[in-house]
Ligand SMILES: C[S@@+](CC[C@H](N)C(=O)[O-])C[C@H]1O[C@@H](n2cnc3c(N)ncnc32)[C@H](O)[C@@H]1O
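We begin with a single chain expressed as structure tokens, specifically the form predicted alone.
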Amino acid sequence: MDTRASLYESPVIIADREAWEALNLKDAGTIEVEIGFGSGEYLLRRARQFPDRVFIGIEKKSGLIKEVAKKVAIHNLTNIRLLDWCARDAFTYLFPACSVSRVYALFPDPWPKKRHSKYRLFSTQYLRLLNNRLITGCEALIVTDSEEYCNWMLKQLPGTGFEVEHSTIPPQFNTKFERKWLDQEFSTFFKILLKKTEHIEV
């Protein structure tokens, strides 16, 4: 029977736990994780800028994963791996405590309808898990176009071990979603920067 891994030809794509464990990242040094990398623009730029770091991109859309894997090959980037996992499961089952140096999520799905709010990623429970996986003193960056989603996330933060900085920012990431909002005349986005100051056990 075919495994999920057999659906992909690129060694950059990690589709099962066996392939993940084969990476052996214990001594990898600085590890950065992008949740929902989309078309991969920011992930690829960071990997080119910091060739000594390991970059893990998490995405659930197979078409996007395959397209970004092609871009990784074209640019000959050896420090990127793409996870075909949901972010909750990836942080629960793959990353050990205090192993990640930086996490970012640019324009995550805000699930704006009230009945869908349970699908929002950055709940208190998930933020505590994220805290556990980050190295103390390191940061998570979340940028959204939705003020309502930003305010919801801020309400989730007490008791998660993070020092919080939030502000409005101009366009600066040049991703597909940012360009989409610019085309719709959005000029201000909402930034939440989380610095781990206290370790949370989960």
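Here the structure is a predicted model, which means the values were calculated and not measured. The first residue of the shown sequence is 1; numbering continues from there.
This protein has a second form, the form predicted together with the ligand, left out of what is shown; the following refers to that one.
In the predicted complex, C86 touching the ligand (heavy atom, 4.5 Å)
Yes - in the predicted complex, heavy atoms of C86 and the ligand come within 4.5 Å of each other.
Taking 4.5 angstroms as the cut-off for heavy atoms, does V54 touch the ligand in the predicted complex?
Close contact is absent here: in the predicted complex, V54 is far from the ligand, nothing within 4.5 Å, heavy atoms only.
Please determine whether G161 contacts the ligand in the predicted complex, using a 4.5 Å cut-off between heavy atoms.
No, G161 is distant from the partner.
When the contact criterion is heavy atoms within 4.5 Å, does L64 count as touching the ligand in the predicted complex?
Yes, L64 lies within 4.5 Å of the ligand in the predicted complex.
Per-stretch contact check against the ligand in the predicted complex, the hit in 134-142, 147-155, 162-170, 56-64 (non-hydrogen atom, 4.5 angstroms)
Every other range fails; the passing one is 56-64.
Which residues within 30-45 place at least one heavy atom within 4.5 Å of the ligand in the predicted complex?
Sequence-ordered list: E34, G36, F37, G38.
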